[in-house]
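Single chain ahead, by itself, as structure tokens, in the form predicted alone.
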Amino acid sequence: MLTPGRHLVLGNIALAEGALRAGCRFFAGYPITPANEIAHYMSQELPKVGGYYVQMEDELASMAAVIGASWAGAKAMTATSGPGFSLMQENISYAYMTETPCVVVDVQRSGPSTGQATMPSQQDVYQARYGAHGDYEAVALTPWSVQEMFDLAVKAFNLAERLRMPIILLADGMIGHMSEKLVVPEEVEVEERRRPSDRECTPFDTDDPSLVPEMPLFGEGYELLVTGSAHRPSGRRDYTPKYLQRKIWRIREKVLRAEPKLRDVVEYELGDAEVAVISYGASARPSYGAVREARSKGLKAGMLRLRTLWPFPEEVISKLAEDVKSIIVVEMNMGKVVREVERVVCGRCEVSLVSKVGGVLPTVGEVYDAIRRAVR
């Protein structure tokens, strides 16, 4: 592990370092560009801290191993890219149903299919939210720098433990393969899952206001059944509608209740802005440069950067729509977050899109031109 202090590292290495410092002690994965550096680093560093690295036969097995490790008590993670993320979805759905804390990293690359295997994109935005089958609420974090790869890895593990659910760290190949300054702190704040207070644990229901149940572990003597089928609060399989209705309501509601605390946006020059740029991840970097250029030329532009993409910050964007004349969404896909913005804004201001696919970012000039057109 890196010593506390300043380092020049790849984003993927920063993410792995953050995971280790958050307490990750199990990694299972399968090689895929552009996420490979994460697995490589974990394979070197986990044994040094008493952890375990397993290269599985595919991404389906990787996600299954992560779930099993979590129920044995480990903080567990996998890392992949779009095609592997697709293969993991069935077991990610199982993790939502069984309320298994774990972290799934998707270092997005250009698709569909094999696409441009070494080139970045932001095309998995909806897969992170809706890729798994069934009803659930997703939590997905989107870093825009090497430092945030570290910081949001720590946050992802803490949220997984706090909410007892899988957390998606939705990075992209550009940030993953970028070298920048990383400041490693002396220590990080680490959270742990709620553990049973006595032997009579109810693993899949709770009266706690957070709606997050205590989590027993295999090997500790509890009568424990972990099934993806509809089940009673005890874990016993039961298809009676009331049990599944209650279950789905609770696993959604625990995220919805936490949304104000999960909400994480960064505002820049929005106080008097007439035009607001909304962006996230790598696309936010040229967006920020364009807003700075616009300000230097007297244009009243501001920026809202989404660090938590799901749950979507509807309240923040709804308020923003009341204060500006136009919103420009910048992203590396054919238009995904822009649809969410249009849904929330509902015609109260103009909404437009600056997008790129093919493994390239929108440029500062392209975003600036969109701002200039919107001001007129």
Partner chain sequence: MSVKPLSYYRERYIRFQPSPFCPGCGNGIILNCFVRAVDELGIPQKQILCVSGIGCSAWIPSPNFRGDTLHTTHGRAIAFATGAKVYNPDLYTVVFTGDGDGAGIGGNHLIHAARRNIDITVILVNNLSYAMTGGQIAPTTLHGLRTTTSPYGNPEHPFDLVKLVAAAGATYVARWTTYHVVELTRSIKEALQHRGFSFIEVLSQCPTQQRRLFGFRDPMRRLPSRILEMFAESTYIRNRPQRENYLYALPRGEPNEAFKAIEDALKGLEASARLVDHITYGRVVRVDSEDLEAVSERLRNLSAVERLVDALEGKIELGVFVREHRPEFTESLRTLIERAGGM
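Residue numbers count along the first chain shown, from 1. All of these numbers come straight from a predicted model, not from anything done at the bench.
Separately, the form predicted together with the partner chain exists; it is not shown, and the next lines address it.
Highlighted residues 312, 329 and 335: none comes within 4.5 Å of the partner chain in the predicted bound form, counting any heavy atom. Between the partner chain and the residues 73, 233, 131, 83, the one pair within 4.5 Å by heavy atoms in the predicted bound form involves 73. A heavy atom within 4.5 Å of the partner chain in the predicted bound form is found for exactly one of 201, 211, 178, 226: 226. Heavy atoms within 4.5 Å of the partner chain in the predicted bound form are found in one stretch of 86 to 94, 113 to 121, 167 to 175, 298 to 306, which is 86 to 94. In the predicted bound form, the partner chain sits beyond 4.5 Å of every heavy atom of residue 321. Using a 4.5 angstroms limit between non-hydrogen atoms, residue 31 is distant from the partner chain in the predicted bound form. Among residues of the shown chain, residue 67 is one whose heavy atoms approach the partner chain to within 4.5 Å in the predicted bound form.
Although the partner is absent here, residue 356 lies well away from the partner chain in the predicted bound form, with no heavy atom inside 4.5 Å.
For the stretch 2 to 29, the set of residues having any non-hydrogen atom within 4.5 angstroms of the partner chain in the predicted bound form comprises 25, 26, in sequence order.
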